[in-house]
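Listed next as structure tokens is one chain, alone, in the form predicted on its own.
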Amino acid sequence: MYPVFKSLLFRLDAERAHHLATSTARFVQAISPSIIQPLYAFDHPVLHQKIWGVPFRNPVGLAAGFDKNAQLVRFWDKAGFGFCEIGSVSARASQGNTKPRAFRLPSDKALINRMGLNNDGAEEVSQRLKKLNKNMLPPLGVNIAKTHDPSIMGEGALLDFRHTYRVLAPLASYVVLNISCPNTAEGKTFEDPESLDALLTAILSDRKEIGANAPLLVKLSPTFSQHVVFDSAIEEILSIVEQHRIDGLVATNTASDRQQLVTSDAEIKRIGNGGLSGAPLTHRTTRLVKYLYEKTRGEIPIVAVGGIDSAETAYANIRAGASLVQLYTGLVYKGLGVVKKINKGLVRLLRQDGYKTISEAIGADVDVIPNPIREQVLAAIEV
């Protein structure tokens, strides 16, 4: 069925197609989202796990960006996702960048977007979330970012981020700090170590003050290489993350570069700037997940996102160290049915490898170096 719908959607530009798809989903949700459950839901005990004390019925979630304003949370539940992540949400509402700002690269099964963090703002999204019965839904992640306004800098940027956190954290199962958004004028505002340290210090202080229990995660940019051996920037970020005892990592955000593309240079030039997502990031995501798992010794849960569109790519990331995986571009190219296919495929792959639970497979392809030895290895690499 989706190939027919896809052929219609792909006749429209990417953003109009997205609006048509989400409008259809909103119509289904308004009538009764349960009507899609027999088509898309799949449950198996081997996929059940608890992370941060939160139960996940399966490891496949909706990535941030697809449902920025939390308008379809009940729909995603019935569509078979084990969790969903809304946002990015900022303190102030934003229209984002001028159109066109979303583009397909069909030959690469990829997307480029420079949406510019368009969203309804923290206050309106919070009112929407308050109407939901969290006890009847799978885990809900809230992805937050600084308002897309280059004039908000320094202390103002910190206050902006903190306001969004204080408004939305009490309503979330987990919160993701989007410190690396390549499709805004400011770019990687908080990936600078000093800025990140200040942000985490402030957010953790806020968490204590407001009594929010939601785990705190940091979303990272992809590295420029598929073969990560040592990355000083990531090492600095990880050092700060570990110092603050952050609960998890998300790898990765969209990429600002244009590596591994089949699409012509002329077409890429015509499209211009924006974040790249989809199949070209598959191996970069998996390698970064493995790198992060190695460096954190498997002690910090990792959410993998980027180029995941099948049971095989999901499983590769799980074996590399991801506890959860997320979809966005794969959903665009393969439709809602891909969620069920991935979960059924994961059960098959886990059984094939002799695992009784998905938790047993996390990091199976990684040899974790004990901490003292790791430091010696890193020192040798730096020399």
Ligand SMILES: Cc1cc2nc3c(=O)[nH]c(=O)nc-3n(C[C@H](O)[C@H](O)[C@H](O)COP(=O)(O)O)c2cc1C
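Residue indices: 1-based, along the sequence shown. As the structure is a computational prediction, the values presented were derived from the model and not from experiment.
Below, we turn to the form predicted in complex with this ligand, even though it does not appear here.
Please name which of the stretches 237-245, 256-264, 127-135, 112-120 has residues with heavy atoms lying within 4.5 Å of this ligand in the predicted bound form. So the stretch in question is 112-120.
Candidate site 81, 313 and 340: all three near this ligand in the predicted bound form by heavy atom within 4.5 Å: No, none of 81, 313 and 340 comes within 4.5 Å of this ligand in the predicted bound form.
Though only this chain appears here, would residue 290 touch this ligand in the predicted bound form if you measure heavy atom gaps against 4.5 Å? Outside the cut-off, so no.
Applying a 4.5 Å heavy atom distance criterion, does residue 169 contact this ligand in the predicted bound form? No, residue 169 sits far enough from this ligand in the predicted bound form that none of its heavy atoms falls within 4.5 Å.
How about residue 219 - does it come within 4.5 Å of this ligand in the predicted bound form, if we only consider non-hydrogen atoms? Residue 219: contacts this ligand in the predicted bound form.
In the predicted bound form, does residue 328 have a heavy atom within 4.5 Å of this ligand? The answer is yes: residue 328 has a heavy atom within 4.5 Å of this ligand.
Between 215, 139, 307, 301, only one gets a heavy atom within 4.5 angstroms of this ligand in the predicted bound form; which residue is that? Filtering the options by heavy-atom distance leaves 307.
In the predicted bound form, the residue from 286, 252, 94, 173 that sits within 4.5 Å of this ligand by heavy atoms: The residue in contact is 252.
Contacts with this ligand in the predicted bound form - residues in 29-66 whose heavy atoms fall within 4.5 Å: Sequence-ordered list: 63, 64, 65.
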